[in-house]
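The form predicted on its own is given below as one chain in structure tokens.
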Amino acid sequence: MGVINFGSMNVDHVYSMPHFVQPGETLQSGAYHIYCGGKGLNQSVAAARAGAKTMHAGMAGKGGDMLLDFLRSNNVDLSMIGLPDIPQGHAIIQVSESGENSIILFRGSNFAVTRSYIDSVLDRQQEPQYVILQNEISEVPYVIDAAFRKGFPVVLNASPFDDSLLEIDLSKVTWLLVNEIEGGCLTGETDPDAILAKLREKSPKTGVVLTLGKEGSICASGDRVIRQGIFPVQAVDTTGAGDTFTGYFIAGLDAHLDLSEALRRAAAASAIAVTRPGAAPSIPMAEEVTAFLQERQ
């Protein structure tokens, strides 16, 4: 089918820090880098590198040329990109010595997505495609409604979480991907099994992938519940690991892989990604994931 990603694009300003800056504290950064990022861009690159035919739908503002160049170099279709005359979205990211990250987002052009633009993108498609969404653009509920009306399977990565996501009709979502915190916010539960049960109670037909950090992930779809562990590696930078997982998982579904294999490849891809600096640049190619898994058989 292919993938349309209504997604954010950010210029990532990444600072290497001994630890996250505390209130009233001033710290020297050990290094500074500029990367292409944004959850949407990361997921488009991951899906494309995993082998899926991928279109990125979103708004590239002033200062976003490097983002478009990067997407283009990864064979992502940019034919429907909007070009508003406002600043590009960006992120300020602290990366600690342990590889954890802390992120400040500036919305910018990512919140210039309009309903007429969404309609124009979907109306141009000749056949159903997976529609991927994160919560870093405007009009997320409208994208879900419009894609559902056209019979396109909707994939919602409910991140970053805010209360607007509580109003979404999950019955229109084919796949919901959340981490433990996001799942807890959606359900009021803290135990992973309870989170999964409550989400499935809310929308029985929606497939759910609950990611649990070092505990791996749990996938529930129909009568199947699959637990996927992590592949232990030495983490350098965890930025973009979840986006890598999402892009590879959906690309696996698009390639008609069994759920267990799609999850396994997604877990392997995210494991490789955290061993490298940056978000989008750290995402592995499909052949790297295959080689990684062969080494661990």
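All values reported here derive from a predicted model rather than from experimental measurement. In this text, residue numbers run from 1 along the sequence as written.
Not on display, but discussed next: the form predicted together with alpha-D-ribofuranose (RIB).
> Is it the case that residue 44, even though its partner is missing from this view, gets within 4.5 Å of alpha-D-ribofuranose (RIB) in the predicted bound form, heavy atoms only?
Residue 44: no, not in contact with alpha-D-ribofuranose (RIB) in the predicted bound form.
> Even though alpha-D-ribofuranose (RIB) is not shown here, does residue 56 get within 4.5 Å of it in the predicted bound form, heavy atoms only?
Contact check for residue 56: no, nothing within 4.5 Å of alpha-D-ribofuranose (RIB) in the predicted bound form.
> If you check in the predicted bound form, is residue 137 within 4.5 Å of alpha-D-ribofuranose (RIB), heavy atoms only?
Judged by the heavy-atom cut-off of 4.5 Å, residue 137 is well away from alpha-D-ribofuranose (RIB) in the predicted bound form.
> Would you please decide whether residue 239 lies within 4.5 angstroms of alpha-D-ribofuranose (RIB) in the predicted bound form, comparing each non-hydrogen atom pair?
Yes, residue 239 is a contact residue.
> Among 116-124, 191-199, 140-148, 97-105, which stretch has residues whose heavy atoms lie within 4.5 Å of alpha-D-ribofuranose (RIB) in the predicted bound form?
Only one stretch qualifies here: 97-105.
> 209, 154, 93, 76: which sits within 4.5 Å of alpha-D-ribofuranose (RIB) in the predicted bound form by any heavy atom?
Exactly one listed residue reaches within 4.5 Å, namely 93.
> Heavy atom within 4.5 Å of alpha-D-ribofuranose (RIB) in the predicted bound form: which residues of 2-38 meet that condition, in order?
Going through 2-38 in order - heavy atoms within 4.5 Å of alpha-D-ribofuranose (RIB) in the predicted bound form - the hits are 10, 12, 37, 38.
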